[in-house]
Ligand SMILES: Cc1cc2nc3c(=O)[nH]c(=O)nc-3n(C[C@H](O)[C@H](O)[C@H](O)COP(=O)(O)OP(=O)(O)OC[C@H]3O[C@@H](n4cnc5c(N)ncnc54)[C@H](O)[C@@H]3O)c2cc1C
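One chain is shown next in structure tokens, namely the form predicted on its own.
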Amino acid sequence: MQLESEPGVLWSEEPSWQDARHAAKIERIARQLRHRTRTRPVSFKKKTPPHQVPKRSDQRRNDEKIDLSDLDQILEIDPVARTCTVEPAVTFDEVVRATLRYGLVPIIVPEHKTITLGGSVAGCSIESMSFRYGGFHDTCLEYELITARGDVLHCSPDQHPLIFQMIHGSFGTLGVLSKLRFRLVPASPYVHVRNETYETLEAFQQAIWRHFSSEGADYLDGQIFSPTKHVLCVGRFVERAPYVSRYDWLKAYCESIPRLSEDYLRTYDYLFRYDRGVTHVFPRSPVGRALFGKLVHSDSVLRAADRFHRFLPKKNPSVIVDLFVPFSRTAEFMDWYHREMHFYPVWCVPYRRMWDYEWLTPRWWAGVNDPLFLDLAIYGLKQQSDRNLYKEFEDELLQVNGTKTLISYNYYDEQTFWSIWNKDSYQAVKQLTDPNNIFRDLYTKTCRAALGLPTQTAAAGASLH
């Protein structure tokens, strides 16, 4: 049986021509890798802009490219098993539109429409169901991976389990993710959001814990607007809505949070409510939004930044960073933040620890007993010329046993980096999937090459010493 939807998208419940087409794409990529004779690093060409913080001197722009832009098909939606199988260049916008036809959505839907499914695995996506289900990678069931030598591996918790786990947060340094299957969850047509306001961080955290411990909420995130104003946004699926709000033109969702006690959105609009900005939306003036509001969104901003990267600042870029802080250490961290940074709002996403993830070191886990983390996201903090705020965040996270995603500017020295990220597990997989280090290693790619700093050659870096 085959279901045809929008042009170019075929959902199949049994083997079809789509499988043959996918196999041909995989063979093209594998053949390119098998026949490589150059030693220069390799990175990927995609149809959407990278959803990382744009950096002026990122060396990936000069790499040899593997073209993944045609890996953009939804291969199967199984409404009975509640799973979806896709190629990695499919965007969440495309998947949500397709799965909603069956009354289903991905469990974790990152905030920007053009984030791809593959990028979500490689770059650690979370969102407002993370308080119950962890990250997007925690909802994945299997991956197909093309190694640097052109071999094709099928990875799951039962088959190549360490590779399956380490692909998360690897930023394309372990191979080419070419297919993935993930879980879906039932969805109603609308989401009802109640905004609960608390004067103290303690009361805010107590509310988070109540919802974390109960079954009432479907979605949970919030924003900290000052040391005395914390708003928790509690979302629940509903079948009917007395009205619906849209935030894709003149209005911005983040601006509604401190002034509305409740809101109703269509489920699609809720999932991408932050597409135009999580804590700040431009243009700010009514006239500017009337003229350009439809044009300024995550995709347009990232495309412009990537295309005109030479105009990005050489020094002191604005801070855009996601920080993971153990729930019990949040007050300690926020005391420091209010004193040293005092920049608001801060986006707050509770994140459930599903297990002791293999990509972090046992030493790091030894200091963490919490079942819940808070992802504290700071977007747009201006730097002063005499400070490196990114480095200050990294140093403070070490004090509270926190960590961060690597999509932003990273200033870790190599020893500190591998005291957090698990070098033994990473290297064990690297030797299987990229022994000659053509994709760079994780430290080099995220902390050196991204900043345009000198790096080891591909061959010399293979051992990660």
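Sequential numbering from 1, following the sequence displayed. This is a predicted model, so every value here is computed, not measured.
What comes next is about the form predicted together with the named molecule, which does not appear here.
Participant: Want to guess which of 306-314, 109-117, 74-82, 224-232 is within 4.5 Å of the named molecule in the predicted complex, heavy atoms only?
Facilitator: Heavy-atom contact with the partner occurs in 109-117.
Participant: Could you spot which one of His51, Lys404, Arg36, Lys423 gets a heavy atom to within 4.5 Å of the named molecule in the predicted complex?
Facilitator: Only one option qualifies, and that one is His51.
Participant: Name the residue from Val176, Val325, Met129, Val105 that puts a heavy atom within 4.5 Å of the named molecule in the predicted complex.
Facilitator: Selected option: Val176.
Participant: Just checking whether Pro350 would be counted as a contact of the named molecule in the predicted complex - the rule being heavy atoms within 4.5 angstroms.
Facilitator: Flag for Pro350 set to no.
Participant: Just to confirm, Pro345 within 4.5 Å of the named molecule in the predicted complex by heavy atoms?
Facilitator: Close contact is absent here: in the predicted complex, Pro345 is far from the named molecule, nothing within 4.5 Å, heavy atoms only.
Participant: With the partner left out here, check for me: in the predicted complex, does some heavy atom of Leu302 sit within 4.5 Å of the named molecule?
Facilitator: Yes, contact at 4.5 Å.
Participant: Tell me, yes or no, whether Val193 is in contact with the named molecule in the predicted complex, where a contact means a heavy atom of each within 4.5 Å.
Facilitator: Heavy-atom contact with the named molecule at 4.5 Å: absent for Val193.
Participant: Would the named molecule be touched by all three of Gly134, Met341 and Tyr390 in the predicted complex, meaning a heavy atom each within 4.5 Å?
Facilitator: Per the other structure, none of Gly134, Met341 and Tyr390 touch the named molecule.
Participant: What residues in 222-255 sit within 4.5 Å of the named molecule in the predicted complex, counting heavy atoms only?
Facilitator: Result: empty, none.
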